[in-house]
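Shown next as structure tokens: one chain only, the form predicted alone.
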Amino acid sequence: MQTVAVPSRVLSSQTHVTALTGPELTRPKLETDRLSVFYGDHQAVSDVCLTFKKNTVTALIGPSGCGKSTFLRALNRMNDSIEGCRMAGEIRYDGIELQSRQVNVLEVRKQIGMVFQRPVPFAKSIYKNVAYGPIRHGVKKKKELDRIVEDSLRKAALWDEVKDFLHQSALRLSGGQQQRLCIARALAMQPDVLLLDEPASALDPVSTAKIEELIGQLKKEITIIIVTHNMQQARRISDETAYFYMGRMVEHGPTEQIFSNPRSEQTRQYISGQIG
């Protein structure tokens, strides 16, 4: 019987890794079990149980302040850097509990990459923006860096637009190009999962369409989780949708079912614009 190993790169070198067989091979790429997030005494996310299948796009929808972005940042422990923030429950990536003391947080963020709402390119060249992560993780050979930069920019559908001025400032790019550059920067780390926090909210319709087309291509290789306020966008690009309200996940299921026949009346009211 075929076996695969747990992705030990997110673990410390002392961790024992066991092989998996049978039904475990079909487990979710990422999942949460009663995940809660607190900022001091305030509970921003409450007992969320959610699974993310490999090579799917899951949209997180809900009104502003409902906890979906906080939940998203928890998935790669980005909230760790916020003073007073703490989490309860479990986050499992390929079966590994990501809040274990044996987990290397930097490796977690390498395997579970993130792109934020507004593009934040470094004040460096386009080339150095994409090469930044690999260089920090020990890639030194120029030939290898050249390959990573080109491959990442191609995956982000940006190569043909920038290949002739790679060593010019990334700040000269348009907003849509800058956001695709940020996606390329995340892809340079070869993540398994990509977290997108409203990646098109500040973009024009043409740039938004390019981002959506890119997401459709990327899901062939990686798992994507996207926070969006745009319900038409969620319906267009996602395979599954989860509706959040007041820090809780109200409903999760196939996108078409959520939008055409939601089980929860609260979900129906949000989808129809009655609440928001």
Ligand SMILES: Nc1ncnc2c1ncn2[C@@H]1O[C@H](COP(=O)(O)OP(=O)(O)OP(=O)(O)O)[C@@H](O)[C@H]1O
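We number the residues from 1 along the sequence you see. Just so it is clear, the model here is predicted, and its values are computed rather than measured.
The next section is about a form of this same protein that is not shown, the form predicted together with the ligand.
At a distance of at most 4.5 angstroms from the ligand in the model of the complex, all three residues Y39, H42 and S64 contribute at least one non-hydrogen atom.
Proximity of R235 to the ligand in the model of the complex falls outside the 4.5 Å heavy atom cutoff. Not displayed here, the ligand is approached by E198 to within 4.5 Å at the level of heavy atoms in the model of the complex. With a 4.5 Å cutoff on heavy atoms, T32 does not count as touching the ligand in the model of the complex; it lies far away.
In the model of the complex, the ligand lies farther than 4.5 Å from every heavy atom of T58. Contact with the ligand in the model of the complex, judged by any heavy atom within 4.5 Å, is made by just one of A123, V206, I82, V120: I82.
Checked against the ligand in the model of the complex, the residues R248, H229, K53, K219 give one hit for a heavy atom within 4.5 Å, which is H229. Stretch-level contact check against the ligand in the model of the complex with heavy atoms at 4.5 Å: of 100-108, 67-75, 178-186, 148-156, the positive one is 67-75.
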